[in-house]
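Starting off, we have a lone chain in the form predicted alone, written out as structure tokens.
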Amino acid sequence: MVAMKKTTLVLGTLAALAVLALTVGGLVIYRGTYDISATSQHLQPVHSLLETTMRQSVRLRARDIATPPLDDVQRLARGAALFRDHCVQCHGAPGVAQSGFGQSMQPVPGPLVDALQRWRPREIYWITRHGIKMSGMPAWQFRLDDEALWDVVAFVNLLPTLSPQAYAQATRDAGPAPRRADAAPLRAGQVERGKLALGQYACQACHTIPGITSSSPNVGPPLAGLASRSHIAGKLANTPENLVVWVRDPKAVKPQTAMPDMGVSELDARDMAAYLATLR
């Protein structure tokens, strides 16, 4: 009987604490107590909690990735050009400051000169490929092919050994950054990859799309039921082929449209069309 009372007391106390935590959390959220401005840093416990969560998440998901050889001279040259054109703006480099927007981001994008003290090459690859949500770090898998991703990792791997002069020389000698290779053979559209592609091309910034998290924008029309519509943009019969044309070059279909050219590759557009075809 005594043990039962103790158990009831413990459970009651835990329930009360849970209600209190939810109440305090609700007040913090709905009263706007937490300052989310980029001119106000995270509290150190919040920053540390988020950083630990991020590191453990990356390590778990990157643990089985095989790392290719990273010391090839041509790979390093391509990586230098890619780093110069896509990474230094936020992360800086030896003797090179971050750009203004990189300096003022919260959390601040860390310099990559010491990345190997915190990350293995396979983890740098995973971060570069998939990005980190709510940090400003984008996923590059729809902008760079897999070879180029490893080129970046190879150069980041070399970065700690470079003086400011050596970095400047390496990026100057690298020439133009290689463009993404879109020579992959075309295939039927893949629904799940198309859903991911819609998010990575920021389609949810203007459209509310079922299955894709967004703030329910009112810029472009909602895409729910798109597969049931007879025409695309009031111009083209609603077929997968025409949807690919519209996604890739909207102004060629409707010159006055406000929908911009997002630089979508044909393969990515096919995958997008495959997902959009499920929205009935």
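Numbers for residues come from their place in the sequence shown, where the first is 1. As the structure is a computational prediction, the values presented were derived from the model and not from experiment.
One more form of this protein should be noted, the form predicted in complex with heme C (HEC), which is absent from this view; the next part is about it.
Heavy atoms within 4.5 Å of heme C (HEC) in the predicted complex are found in one stretch of 22-30, 49-57, 36-44, 65-73, which is 49-57. Of the residues V96, I132, A166, V191, just one reaches heme C (HEC) in the predicted complex with a heavy atom at 4.5 Å or closer; this is I132.
Annotation: in the predicted complex, residues A170, P178 and V245 none come within 4.5 Å of heme C (HEC) through any heavy atom. In the predicted complex, heme C (HEC) stays beyond 4.5 Å of every heavy atom belonging to P210. Contact between M259 and heme C (HEC) in the predicted complex is found at the 4.5 Å heavy atom cutoff.
Within 4.5 Å of any heavy atom of heme C (HEC) in the predicted complex lies no heavy atom of A174.
Using a 4.5 angstroms limit between non-hydrogen atoms, R61 is distant from heme C (HEC) in the predicted complex.
Contacts to heme C (HEC) in the predicted complex (heavy atom within 4.5 Å) from stretch 149-164: V152, V156.
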